[in-house]
Ligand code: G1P
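Below you'll find only one chain, the form predicted on its own, shown as structure tokens.
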Amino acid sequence: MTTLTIQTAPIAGQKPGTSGLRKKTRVFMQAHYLENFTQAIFDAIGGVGGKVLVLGGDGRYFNDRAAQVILRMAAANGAARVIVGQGAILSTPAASHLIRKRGADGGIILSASHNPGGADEDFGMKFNGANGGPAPESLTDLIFARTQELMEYRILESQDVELERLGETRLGDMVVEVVDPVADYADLMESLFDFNAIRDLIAGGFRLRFDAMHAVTGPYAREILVNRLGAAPDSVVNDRPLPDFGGGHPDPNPVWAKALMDEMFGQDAPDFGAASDGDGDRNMIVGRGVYVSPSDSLAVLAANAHLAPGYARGLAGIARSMPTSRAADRVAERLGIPAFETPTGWKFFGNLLDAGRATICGEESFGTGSDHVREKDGLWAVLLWLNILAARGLGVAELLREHWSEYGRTFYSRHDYEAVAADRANALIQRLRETLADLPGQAHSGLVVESADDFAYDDPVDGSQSARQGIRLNFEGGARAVLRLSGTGTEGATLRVYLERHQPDPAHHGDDPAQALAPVAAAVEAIARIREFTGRDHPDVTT
């Protein structure tokens, strides 16, 4: 085997976002593209000589080829060992757990999360640190800087490594260890939750449906829900991971998981439904005839987490991303624990979790998790829901109603305007920034603006600052709206508009969410002039 030093040149646009670098698959397949970014990661972390890394991905198109390239480059750069999921497969939370369990120096995760997969769709790559969490901005900035000056990369000339067979092989001087991608994670889940209580619940006739959306959680869900908890084999559907996710969009929301929604709102519906995304870090929860918003899910899980053995000690704090509704804040207040508001991106929770200041975290974009790993975790949320239902003896709808009666209902919705021309989306946000000082006191659609700002975050652990994280519009009476541009798309810009309104009166908890939020939506349109800037009469996706 020969180590090659390949001459290259900087490639524009390799700036990692909140979840690593995401581009069209064919962009990653271009000459030197993957190699440049891989070498930039290795260089930015101080080299990989003598280090141990974890490698795996969600199985999307190009996952297998990219893994082989990264292995050859790790060997050429002097890595001591790379631990790889069998078939180059690892869910994102499982990769985070494996990094932590094995004391690895970090890991590379190949995924574009909830984005579609295929030759003409999306691919992604990110680095997670030794704590198992996504690289902080300080490191992603170093990675980007290195991509702008890189002139060569190192790669081993060799045959492909056999990744379907468990065990150790050598690639040059480096050990490649292929491991079962499911076992360690499933064991971790069994240590956190009362599997006996969940088994008894299922044995008593409780029916569930988990839609893996032809993504990475299929094998994990089958092992845990069917093999370990005794659910019927057909409780897990679309469980075979496919490179193009079966032609679907692996985003667990009511739009893309429509088949599950139809079943849960149809006749003879199961008691509990859930779906997960491409890499297994997101989740959607549905009861018979009732949809649980991610913000409500975070609040309910936080309020009842003590019922699971792994959280019987109580919570140190609750953290949520800024666009997530303030429903969880009311739980934190009742429990007498801190509530943290961070920018969007799971990496912002890492310091709070590492410092023991937060136990449960959540994002409105269908992501919840805890201090068991340093990523959001879809199956973890599903199992905590099942543990709570088993302990409380309630259905999903009953548990929601009880929660709202105690804390009030926070009506919530997200409107996505996708693939908006970047210049128009940026102009909308810039105009809002320029008018923030004039907004307080203005009345629109019966709502009066109480305050308006561009959210900035001061990390309470390390003092780092993150500015311009999204426009917040607070209205008198508890309504709120947030506008921000997402960093997870690969074309144009995605404008996300978040609408929220708290309703303490139980007589109105059954109101239609769209009607309850209509005044907030109208006020935002009047203030932001979304139609004018985007050319859209309505959002592309509403969740």
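All residue numbers refer to positions in the sequence shown, first residue = 1. These numbers come from a predicted model, not from an experiment.
Omitted from view is the form predicted together with ligand G1P, to which the following refers.
Stretch 343-351 is the contacting one of 185-193, 219-227, 343-351, 384-392, since its residues have non-hydrogen atoms within 4.5 Å of ligand G1P in the predicted bound form.
In the predicted bound form, at least one heavy atom of residue 18 sits within 4.5 Å of ligand G1P. Contact annotation for residue 498: at least one heavy atom lies within 4.5 Å of ligand G1P in the predicted bound form. Using a 4.5 angstroms limit between non-hydrogen atoms, residue 376 touches ligand G1P in the predicted bound form. Ligand G1P in the predicted bound form is approached by residue 22, whose closest heavy atom lies within 4.5 angstroms of it. The listed set 414, 472, 330, 81 contains one residue whose heavy atoms approach ligand G1P in the predicted bound form to within 4.5 Å, identified as 414. Checking 282, 320, 72, 409 against ligand G1P in the predicted bound form, a heavy atom within 4.5 Å turns up for just one residue: 282. Along 350-367, residues 363, 364, 365 each place a heavy atom within 4.5 Å of ligand G1P in the predicted bound form.
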